[in-house]
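Let's start with one chain on its own, the form predicted alone, as structure tokens.
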Amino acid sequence: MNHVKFLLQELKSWTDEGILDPETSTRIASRYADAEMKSVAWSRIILGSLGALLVGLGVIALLAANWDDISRPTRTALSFMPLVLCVIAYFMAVRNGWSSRGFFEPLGIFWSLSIGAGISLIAQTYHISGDPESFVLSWTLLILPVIYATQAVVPFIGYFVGLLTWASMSQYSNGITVLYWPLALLALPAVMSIRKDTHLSIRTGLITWGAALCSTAAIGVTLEKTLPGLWMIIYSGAFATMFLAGIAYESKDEPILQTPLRTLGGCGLAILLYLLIFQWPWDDIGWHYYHTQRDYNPLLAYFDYFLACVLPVLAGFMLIVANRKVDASTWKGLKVVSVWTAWGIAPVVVAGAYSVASSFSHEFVASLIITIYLTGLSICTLVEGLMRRTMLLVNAGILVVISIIVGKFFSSDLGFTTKGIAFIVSGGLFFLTNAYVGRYLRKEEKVS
């Protein structure tokens, strides 16, 4: 934060010279002083959290080492003691009006570990039978009150990781894995509360990243997968929804850490579409290959159909919201279709290609549709980058085109010599285009 210190030092001289009025100088100093304090606070939070983690693991190790020499009543008391101490510390903090994250973040970690240790020790002491699946679910659900009490980052992420772990175990035992979603929604009010209090803060970004990554993986875990290929429509709808929600509600000036929806949705959608330009994902999909040879729950299969219908509709709704919240791109005074609009219709295109492949068994046609669409997206991204004078979008558009060319050549039957020449030419065109566009943008900046 050396630049903040420099700015605060310069403010006094700017005020004395009349460049800034005292009121504006005070507001600027207050804003950047807060930013500096937040940076210091996060270093204290991280160190405190690591300390709480080490202390918690140390207590568990000491109890395990001497467990056989302790009487049953003492074991019971020791099992509950860390949990009771956490509850007492929380109520003392609330009573005294403490709000420091340097206290609540370590408390949340130690509290969560105390719950898991307490469950294990009580079960071992009284020989309560159980299985890993039940243990993970019980521990995860008992973390939920800790989330609302401390609003700490690690318990939040641990809650979603625990739900994902339980769902993965339940999938192998033919359990009802779709319960992941109503259980995940139990934490939503707490997430919204944190986002409202600290909009686009580091805490919000970390929590949203954890929830989004776990939920993305949970889609694949909770699907019944009776209708092959339906995951294409579901994942394209999910990624498009996340991407458009990020466009609508996340600031474009924030770093990647604080824009999880836009980053994860955009990257996930690009990777998914890239995979679909090949023919192998389109083989043996549709109603003709409906799974009936294994154990499955016909009622849970309707959850797959529900997601396949709802997520593209939700993506369409978020497309409308994004276009209302963000100004349309202009080029020489004319409004043009924004690049997120082109990316946002991906679920419709994927659904159309899926219909072609599943109904008529035209795998080549389906892959060709996605190839043409992804190529068009790369052109739209490139044009958007030129209009906005953003090299990131320009390079992204060029990179997608190069990736399509390289992928198609690798999957073709051409010789290595031809492929090598094509790769060299593609790489050269990438560098030349990048240099030309960079010089063009610098020229436009000078003119404006």
Partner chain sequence: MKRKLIFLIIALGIVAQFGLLSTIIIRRELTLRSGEICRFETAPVDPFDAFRGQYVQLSYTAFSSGVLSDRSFTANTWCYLLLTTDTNGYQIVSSITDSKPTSGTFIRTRVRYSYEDHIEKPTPDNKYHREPTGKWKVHLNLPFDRYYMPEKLAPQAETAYREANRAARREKQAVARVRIWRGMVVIEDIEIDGKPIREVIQAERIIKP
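Residue numbers count along the first chain shown, from 1. Predicted model only: the values in this text are computed from it and were never measured.
There is also a form predicted in complex with its partner chain; it is not shown, and the following applies to it.
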Check each of 299, 267, 372, 84 and return the one that places a heavy atom within 4.5 angstroms of its partner chain in the predicted complex.
84
Interface check vs its partner chain in the predicted complex: of 227, 356, 314, 142, the one with a heavy atom inside 4.5 Å is 142
Residue 90 versus its partner chain, in the predicted complex: is there a non-hydrogen atom within 4.5 Å?
yes
With heavy atoms only and a cut-off of 4.5 Å, decide whether residue 326 touches its partner chain in the predicted complex.
no
Would you please decide whether residue 185 lies within 4.5 angstroms of its partner chain in the predicted complex, comparing each non-hydrogen atom pair?
no
With the partner left out of view, is residue 303 within 4.5 angstroms of its partner chain in the predicted complex by any non-hydrogen atom?
no
If contact means any heavy atom within 4.5 Å, which of 359-367, 233-241, 72-80, 152-160 contacts its partner chain in the predicted complex?
72-80
At a 4.5 angstroms cut-off on non-hydrogen atoms, which residues of 113-127 are near its partner chain in the predicted complex? List them in order.
115, 118, 119, 122, 123, 124, 126, 127
